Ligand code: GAL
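Before any questions on how it binds or moves, here is one chain, the form predicted on its own, in structure tokens.
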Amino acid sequence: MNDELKKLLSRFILFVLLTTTVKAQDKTQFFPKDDLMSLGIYYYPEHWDKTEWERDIKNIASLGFEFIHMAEFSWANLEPEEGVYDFTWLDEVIELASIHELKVVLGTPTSITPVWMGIKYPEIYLMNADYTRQEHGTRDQQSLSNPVWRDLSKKIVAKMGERYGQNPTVIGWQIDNEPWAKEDFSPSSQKAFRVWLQNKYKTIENLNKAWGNAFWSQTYGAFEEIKIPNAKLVGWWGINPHSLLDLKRYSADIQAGFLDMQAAVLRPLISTSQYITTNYTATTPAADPRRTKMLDFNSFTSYPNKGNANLGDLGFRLGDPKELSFALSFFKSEHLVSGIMELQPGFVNWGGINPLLQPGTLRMWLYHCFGGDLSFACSYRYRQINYGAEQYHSGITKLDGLSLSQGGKDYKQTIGEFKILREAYDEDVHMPEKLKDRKTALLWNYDNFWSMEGQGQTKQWNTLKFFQKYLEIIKSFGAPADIVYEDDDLSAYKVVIAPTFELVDKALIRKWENYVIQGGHLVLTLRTGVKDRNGHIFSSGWGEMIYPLIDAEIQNFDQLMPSAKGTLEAFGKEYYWNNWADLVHAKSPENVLAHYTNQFYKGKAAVVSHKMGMGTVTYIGVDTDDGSLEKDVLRKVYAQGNITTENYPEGVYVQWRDGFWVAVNYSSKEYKLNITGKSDVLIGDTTVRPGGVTVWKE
């Protein structure tokens, strides 16, 4: 290893030690339970004439918002030239917020650079896959591994922390904006990647084995020879999948380290009453939110409506329910704090089609977030701007800065209704027993996601949609659903589902086995347990490591043409598939729940269930387009555990939070709720219209 690589490795290890020794604050102190869910809005004073600031802040407060979010894109205003800082304008707006009893969340401005920085330090920009360096003009163009960029970022964060870390009006910090672990092929990233590999594998021999470099003469003689794998130049069909998996892991680690670096700068400068978070996208595909160690919690961004048809004739105005549904279970599982930092306020400018939302849609999204137990909800932005790349992006007010948009009207109504809910809040309520019994965990692992997205094996494969299918079935049962990681405690859940958990090891198999023996009900699906952690297929058999769990063998797998119809029989009904089918041989015929009824393997099992200890393992080896078979199998799993279930239609969500039942309806049809006569309906009525909301207490 050369001296330069040794130096980089030493810096990497030192950074890890420093960031793991500083403890994040207690997550529960920032959000009093009786506030339920506080509401905020983005405001950009740098976009408006100074004479309008007080009017805008006063109007925000009079609408009933409780905090404003500022500054995440304002580096050019905060540091107009290197080392010259101007906080006077931000001081003034924070003081106006204080006068009008608004709190402030400050964003660090590191998602975009001021012009002078790129001119003076062009190396701060990342390189794309054709080795073209990015340049000034948009967001997230920086090389997060570049030491110059990191030093400049630390300086501005420190200056902001020194200025506002003890300001009582400031309640929190959002680090960066919508973290995105971009692939970066710049020289600084190439060096950092080699350091990351050296730290992980120790020897080049270990790396060659993990990457399978004997294939196609890819063997390396030293870490210095390695370049970041480049699918664009090599070809997606021939690129080494194991090196690509490590590239995803590395990129996510670099992104997380960049956030933790900022948090480490802020932590000693800020009050214990101020929190540190960031806003990942709702279904973040590249950055892994759980990789950060220094933040108090993660929040997220969601824009549910991009003009898709979604559900029924009205769906293009109501949004895709699965986006928020996933985020609520992922970011706010039972033991985590979260909020939505950026929620779509109306039409946007970047969808394929950008329609007006149906009146009440934003209100429905807000109640979906409320029912999901979020601590706060905030939208981008207060005023629609009349210039720039997002001039067609709506705000809470229209272009004049005074007239409320439909989104603004939805917020105003929701804020008024929240006063009713806060008055009705009872701190002594407890989750109903039937909901405790239904609590379900779905296991998520980014390595699985990245691995399968790289090798889908059929053009019909979509890992996220497959996962969401199981999540939506569970929510249709009226079950609280948490998306958890494999190292989380599973003991609180009677049912655990691991959709397409491709990469496994012996420790995970033992954990699953112990969970089942002690009475848990485990559901595994196709493509589970077929590879080791490096992405190598087990040579002993397809999915061989899970055979003892399912008491069966998987002899092969199949896919049909998109227009073909594979048939199955289960529970006296016929089902259809064409995407993926595992051919399962059950050791005990009585364990078979479903079998194929056409193709040359007619009679082979598709679904099996095995009793182990006090629990059960169910293996669903087929992917049906409408999910009907999976839903029937899962209902049987719950029945085996003596767990009751509901049967809510697609797009209807009924959640419980702090004593309140909350129903929202994304479908294009009315839904009649089964509410007992003893219940007190606080918001809405017993029929939930499309885009509607009902809140009641029992």
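Keep in mind that what you see is a predicted model, and the values were worked out from it rather than measured. Just count from 1 along the sequence shown to find any residue number.
Keep in mind that the form predicted in complex with this ligand is missing from the display, and what follows is about it.
Note on contacts: among H595, H393, K494, K322, the single residue with a heavy atom within 4.5 Å of this ligand in the model of the complex is H393.
Of the candidates E342, D582, D623, D260, E342 is the one whose heavy atoms come within 4.5 Å of this ligand in the model of the complex; the others do not. None of 535 to 543, 221 to 229, 86 to 94, 347 to 355 except one has non-hydrogen atoms within 4.5 angstroms of this ligand in the model of the complex; the exception is 347 to 355. Of the heavy atoms in Y303, some are within 4.5 Å of this ligand in the model of the complex. None of the heavy atoms of K611 is located within 4.5 Å of this ligand in the model of the complex. Put simply, W512 is far from this ligand in the model of the complex: not one heavy atom of it is within 4.5 Å.
Using a 4.5 angstroms threshold between heavy atoms, F73 counts as touching this ligand in the model of the complex. Interface residues of 158 to 187, taken as those with a heavy atom within 4.5 Å of this ligand in the model of the complex (partner not displayed): N177, E178, in sequence order.
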